[in-house]
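Next comes just one chain, in structure tokens: the form predicted alone.
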């Protein structure tokens, strides 16, 4: 160690101390998804914006995937983890179909997904999963998960970057919480209107939600997909 002038110190040998390298395998790619169960239908909806920080990677990256004629899954979070998990689910469902000669039911898929997430609990998938479909009685079913596989069946659930904005709205309009009127069974048209209004309002406040909205409607006749535009800025 030496100095060339007062106040300056130059080290003439390498510093032998540990060097820390930050490693973060996860990234939040934003987006919002929701699902609402009806008497004989289920609605699964999600926006298509994929972002990272203040950058938009793509304006059309679907978050919902049709697994069968009665089951649709929607995922948000780290896109790489969501893509890997979706492929594994589809692979297991294909194996099940070859082994048993029939398509896996919505309840069976829900249980299988719980096991798959729990198996990765020490290095979990960074994903918010919502599974929607029809149960064996033909009624709408919504299953929600935490990253390590704990799940429950609900009537409606929202997850993602705008969940704090949309979930209270769903609790009021779908669950009829904090209302004097009695709880009603909503028709499909009314549920679709609430779904569209939820995302339209969320895009005004959440920069990670926008571009396009995909809505899957699951009935006894199969799965129908509709799209609508959202804010692009």
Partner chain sequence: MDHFPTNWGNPRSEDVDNYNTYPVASHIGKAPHSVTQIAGFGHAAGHPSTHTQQPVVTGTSVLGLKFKGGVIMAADNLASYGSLARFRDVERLHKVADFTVLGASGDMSDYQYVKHLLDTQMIREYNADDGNTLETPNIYEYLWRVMYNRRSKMNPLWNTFVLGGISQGKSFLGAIDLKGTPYQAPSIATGFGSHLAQPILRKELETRGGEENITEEDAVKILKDCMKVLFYRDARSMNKFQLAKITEQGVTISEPLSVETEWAFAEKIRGYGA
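The structure presented is a predicted model; accordingly, all values stated were derived computationally and were not measured. Residue numbers count along the first chain shown, from 1.
Below, we refer to the form predicted together with the partner chain, which is not included among the displayed structures.
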Going by heavy atoms within 4.5 Å, which of 189 to 197, 164 to 172, 58 to 66, 202 to 210 lines up against the partner chain in the predicted complex? 58 to 66
Although the partner isn't part of this model, could you tell me whether residue 40 comes within 4.5 Å of the partner chain in the predicted complex, counting any heavy atom of the residue? no
Touches the partner chain in the predicted complex: residue 123 (any heavy atom, 4.5 Å): yes
The partner chain contact in the predicted complex: residue 97, any heavy atom under 4.5 Å: no
So, residue 83 and the partner chain: in the predicted complex, are they within 4.5 Å at any heavy atom pair? yes
Is the partner chain in the predicted complex near all of 74, 145 and 147, within 4.5 Å of a heavy atom of each? no
Taking the partner chain as it sits in the predicted complex, which residues of 165 to 200 have a non-hydrogen atom within 4.5 Å of it? Please list them. none
